[in-house]
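There is one chain below, alone, in structure tokens, taken in the form predicted alone.
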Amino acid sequence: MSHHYIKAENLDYTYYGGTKAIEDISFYIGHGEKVALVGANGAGKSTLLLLLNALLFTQRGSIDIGNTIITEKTASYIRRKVGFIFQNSDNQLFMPTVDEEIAFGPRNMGLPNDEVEKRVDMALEAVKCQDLKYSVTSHLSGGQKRSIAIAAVLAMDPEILLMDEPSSNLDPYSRRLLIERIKSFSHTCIIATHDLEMVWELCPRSIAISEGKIIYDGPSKSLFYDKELLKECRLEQPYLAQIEQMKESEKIRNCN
């Protein structure tokens, strides 16, 4: 079994005040899988990502990340191994220039300067943003900020990537660049998103959450063809799924 896996068993999480965010969630995600986490706002997607990155701790059950159980003692190790790209890049970027931003994590890991510089260059190459190396982070566009946020995580050499609404607020060109970059990643990925067109391209598997519970875990396309289940998740059928169904209906009519 590869160590780039996530095994969640019977997770519960209730926020202060009694709001139940996650209830009895279990799943296994293997090495290299790209899995979408879908559902309406408030379904529990972001809370689940926070649990998987040890920013919150489950109140019942367990999370095994590559043979390491998440606890308060293992949290710092988990956060190095599980990279988290936040929905709002401004919450993630805090250094004045791009090279300083990407170098921050490796420097805090105690790596020597030559290794830090190497990781900065490799991370920028991975997101095709070498020309932004010395740019001021506050002057970047939304799409550029998202790419640099991803680069900063990649520089930490994580085994698993968690992404919270990575395509939100991006223009069509920036969104397309993001999709192509994610396609090239070999990491195990969980992508929480409402962008089902992106899921169609990137994620063969989807986990659908409603009111803190998993109501579907399986092939993304099977979910997209199930209009009743999509309605239960408060999601709309992706346009590409509509096109595929129209093509299938046309084939059936032609055969008859």
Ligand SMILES: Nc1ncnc2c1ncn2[C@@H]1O[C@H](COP(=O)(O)OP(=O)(O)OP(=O)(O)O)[C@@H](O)[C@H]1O
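As the structure is a computational prediction, the values presented were derived from the model and not from experiment. One-based numbering along the sequence shown.
Below: the form predicted together with the named molecule, not depicted.
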So, in the model of the complex, is Thr19 in contact with the named molecule at a 4.5 angstroms heavy atom limit? yes
Within a 4.5 Å heavy atom cut-off, is Tyr239 in contact with the named molecule in the model of the complex? no
Partner proximity in the model of the complex: Ser174 to the named molecule, non-hydrogen atom cutoff 4.5 Å: no
Would you classify Ser62 as touching the named molecule in the model of the complex, given a 4.5 Å non-hydrogen atom cut-off? no
Within 4.5 angstroms, counting heavy atoms, which one of the listed stretches 64-72, 41-49, 221-229, 197-205 is next to the named molecule in the model of the complex? 41-49
So which of Asn169, Gln144, Thr97, Gln87 reaches within 4.5 angstroms of the named molecule in the model of the complex, heavy atom to heavy atom? Gln87
